[in-house]
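Presented below, as structure tokens, is a lone chain in the form predicted on its own.
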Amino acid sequence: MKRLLPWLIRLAPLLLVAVCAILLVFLLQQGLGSLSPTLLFGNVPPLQAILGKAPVWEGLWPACAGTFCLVLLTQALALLPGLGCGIYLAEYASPKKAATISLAMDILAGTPSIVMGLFGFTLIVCLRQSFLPNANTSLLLSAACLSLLVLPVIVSSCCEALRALPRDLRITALALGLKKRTVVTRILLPQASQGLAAGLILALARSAEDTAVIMLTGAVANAGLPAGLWDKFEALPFAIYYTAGEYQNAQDLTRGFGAALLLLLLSILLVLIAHVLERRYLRQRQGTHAAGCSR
């Protein structure tokens, strides 16, 4: 068994890569042939569709734009609370408070997405029956519910990235007379930037692929381009779900595979953008550090 264990450890990542490769090849075989401007824009000229001058009812461009807006709004709502909670857990909270908050984060992380969607839908129902009779599901509600789902990812990544830093770094900074706030913002957070970026990338992927939440809180089949925070919207995960349940022929099914491939490409694009921003920040930081050392 001791001799077999190292081989099993080496086999595990190979198995993971193989499964991902098989799924990717299958998706490419089924959906690559449908990738064309028609899949995105239908019969509408691409430039007019992108600028919003002509509505697109037979293409996936509104769903792509809705997914992109949903991801950005979700990150905007979850970023500051997630970073603040992670910093508090790692640097300020007592062991008792840290254990309580960690337990709450674990419960939130284990909450199924369909439950979060029901929570958002129930919230709208309660608001309609109380003091907001015109309340309705919308892009903002979907982003708010998704931000609660990705919040534990940001909190845990921030907390673990800060705790992984050497303790001598804190002691030296405090010994030099720096305040705790300055130590956290000027020294610890820049040093933990790679861990923070990894958590944000995971949060991006989670918010882009979820279907159960948006299905109950604002996503519809035909809404056009996102018109505002209080309006309904289209999203690629819901378009895939809707096509899988309502397709009438092989062409509709191929269109669904094309939508799944577009969602995968969009997720890869968001991850690449985050990775480029991270590398750019690290290069700027290294350049600033080198300039400071030369002085």
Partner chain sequence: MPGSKLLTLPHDKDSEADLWIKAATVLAVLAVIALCAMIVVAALPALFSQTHTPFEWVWQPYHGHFGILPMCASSLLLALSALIIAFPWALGIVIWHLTEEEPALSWARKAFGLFIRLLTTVPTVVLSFAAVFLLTPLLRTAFGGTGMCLLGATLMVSLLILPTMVLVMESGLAQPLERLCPQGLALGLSRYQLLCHCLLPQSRTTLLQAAVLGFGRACGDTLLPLMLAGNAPRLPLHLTDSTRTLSAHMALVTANEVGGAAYNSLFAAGLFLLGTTLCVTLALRRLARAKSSGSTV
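Numbering follows the first chain given and starts at 1. Being a predicted model, the structure only gives us computed values, none of them experimental. Rigid core (definition): largest C-alpha set, two forms, superposition within 1.5 Å.
Separately, the form predicted together with the partner chain exists; it is not shown, and the next lines address it.
- Relative to the partner chain in the predicted bound form, residues 105, 121 and 267 are all within 4.5 Å by at least one heavy atom.
- Across the options 201-209, 221-229, 165-173, 67-75, residues that bring heavy atoms within 4.5 Å of the partner chain in the predicted bound form belong to 201-209.
- At least one heavy atom of residue 84 is located within 4.5 Å of the partner chain in the predicted bound form.
- Although the partner is absent here, residue 253 is a contact residue: one of its heavy atoms lies within 4.5 angstroms of the partner chain in the predicted bound form.
- Residue contact with the partner chain in the predicted bound form: residue 280 places no heavy atom within 4.5 Å of it.
- Although the partner is absent from this view, residue 257 contacts the partner chain in the predicted bound form, with a non-hydrogen atom inside 4.5 angstroms.
- Shown here without the partner chain, the chain has 148, 151 in 134-160 lying with a heavy atom within 4.5 Å of that partner in the predicted bound form.
- Superposition on the rigid core between the shown form and the other one places the CA atom of residue 243 less than 2 Å from its counterpart.
- A movement of the C-alpha atom of residue 27 reaching 2 angstroms or beyond is seen between the shown form and the other one when the two forms are aligned on their rigid core.
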